[in-house]
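A lone chain, given as structure tokens: the form predicted on its own.
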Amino acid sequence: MSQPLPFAGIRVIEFAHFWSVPYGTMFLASQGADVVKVESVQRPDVWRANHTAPILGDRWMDRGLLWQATNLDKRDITLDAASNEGRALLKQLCASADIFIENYASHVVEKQGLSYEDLRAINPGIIMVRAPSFGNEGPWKSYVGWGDVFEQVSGFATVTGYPDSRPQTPGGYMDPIVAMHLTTAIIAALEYRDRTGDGQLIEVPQSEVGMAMAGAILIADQFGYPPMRPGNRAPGFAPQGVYRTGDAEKTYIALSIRDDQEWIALIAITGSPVLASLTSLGLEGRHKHHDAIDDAVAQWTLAHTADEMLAQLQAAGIPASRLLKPVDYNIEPQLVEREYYQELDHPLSGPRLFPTFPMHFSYETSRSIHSRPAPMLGQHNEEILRGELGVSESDYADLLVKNVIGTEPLKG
């Protein structure tokens, strides 16, 4: 008999949008939690519109790949929480929930009667998780933001880019990092509730997660080492870089030299007289002459194909890889070998490959981490509202007429 998933029996009400919180709740859902995503026809999750458009066809809001990849394993309902009927039903859901999680601007849930005090009054054991951009107190509490903003505020943009270029944002990766912070806090809160019976309020300002991750940058600056943009270089590796190959199609490879043994191996593989003249250099010396080394490595890579060079480099134990385009991710041998992708069949967009998670679990019987594709807007309205909350047929019809619920975004 297979072991129950760790969050089986836990119900999560997700009142959130974009990437960070939905990605965290998707992890919980993949591990057995019943995650009910609450949207509205007045304001569906804006992630549905990311990289999608009506050109995708009927129900385009359900077809976007980024939307689907962030909301697997969940159920979805629509409720206009600004209406009395919608708010009452949402509170009814929370009365039997374990977790309520949101990431709107700080005033939104209070305005809609969904503060921690409001929810605790109907469910003393509920765990409320709030993930505002800049906290629920202070002069920035009403500001909103997303990954790129937090990467700039926390300093990561300062150290991303090349020395002679302006700062660049790393690309929004802060969102999944926030998601994992949230799930860690939730696991701790569930363990605390198991011991004490008490719920609690958790606040995870997303910008502060960025600042926590930027600790080394901030500490170095305090000791007189201002942030610098190193390009593709790193203190413990030299040479390290990305180099154009001689393939007809524009292709690059990346490589890192970790120690003197790999440095000597690289010299032998390239046959470069320039590199041979630098054989005796240690890490510090290789950093000092990094520009000249890069030029010599680039001359070698331009004269050979990626496949030829990677075979030699990897055989010598040198970390090296082709730079992948997004369309190539699912055929990358390392990811394929580790069964990182899983195919799920969506009723509208058909079979697609989706990422699992970059770790394995002791209770896994297979790498079928996800159990179902992302839900369509309002897909589970009837199942949850009528089947679980007991809304009558006539009241359900009235909710549809009033646009308290629905399955199509309102226009305008």
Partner chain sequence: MSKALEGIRVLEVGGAADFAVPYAGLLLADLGADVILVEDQHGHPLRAGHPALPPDTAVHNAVFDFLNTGKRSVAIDYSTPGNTEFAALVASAQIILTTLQPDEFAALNLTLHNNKPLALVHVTPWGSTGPYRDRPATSLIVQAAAGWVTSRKEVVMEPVQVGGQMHEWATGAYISVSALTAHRAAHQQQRPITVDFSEFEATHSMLCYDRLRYDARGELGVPRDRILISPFGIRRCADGWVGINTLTQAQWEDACRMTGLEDYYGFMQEMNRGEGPLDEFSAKVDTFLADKTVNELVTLGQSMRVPTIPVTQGKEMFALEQWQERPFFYEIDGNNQKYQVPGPPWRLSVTPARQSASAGQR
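Fair warning: this is a prediction, and the values are worked out from it, not measured in the lab. Positions refer to the first chain, counted from 1. Between two forms, the rigid core is defined as the largest C-alpha subset superposing within 1.5 Å.
There is another form of the same protein, the form predicted together with its partner chain; it is not shown, and what comes next is about it.
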Could you spot which one of 295, 110, 308, 194 gets a heavy atom to within 4.5 Å of its partner chain in the model of the complex? 194
Exactly one of 123, 200, 115, 299 has a non-hydrogen atom within 4.5 Å of its partner chain in the model of the complex; which residue is it? 200
Whether 21, 88 and 387 all lie within 4.5 angstroms of its partner chain in the model of the complex by heavy atom: no
Does residue 273 reach its partner chain in the model of the complex, with heavy atoms at most 4.5 Å apart? no
How about residue 248: is it within 4.5 Å of its partner chain in the model of the complex, going by heavy atoms? no
Is residue 10 near its partner chain? Define near as a heavy atom within 4.5 Å, in the model of the complex. yes
Give a yes/no on whether residue 376 approaches its partner chain to within 4.5 Å in the model of the complex, heavy atoms considered. no
In the model of the complex, segment of 274-282, 300-308, 142-150, 89-97 with a heavy atom within 4.5 Å of its partner chain: 142-150
In the model of the complex, residues of 301-336 near its partner chain [heavy atom within 4.5 Å]: 314, 317, 318, 319, 320, 321, 322, 323, 324, 326, 327, 329, 330, 332, 333, 334, 335
Superpose on the rigid core, then tell me if the C-alpha of residue 236 is displaced by 2 angstroms or more between the shown form and the other one. yes
Align on the rigid core first; then say whether the Cα of residue 75 has moved by at least 2 Å between the shown form and the other one. no
If you line up the core, does residue 159 shift 2 angstroms or more at its C-alpha between the shown form and the other one? no
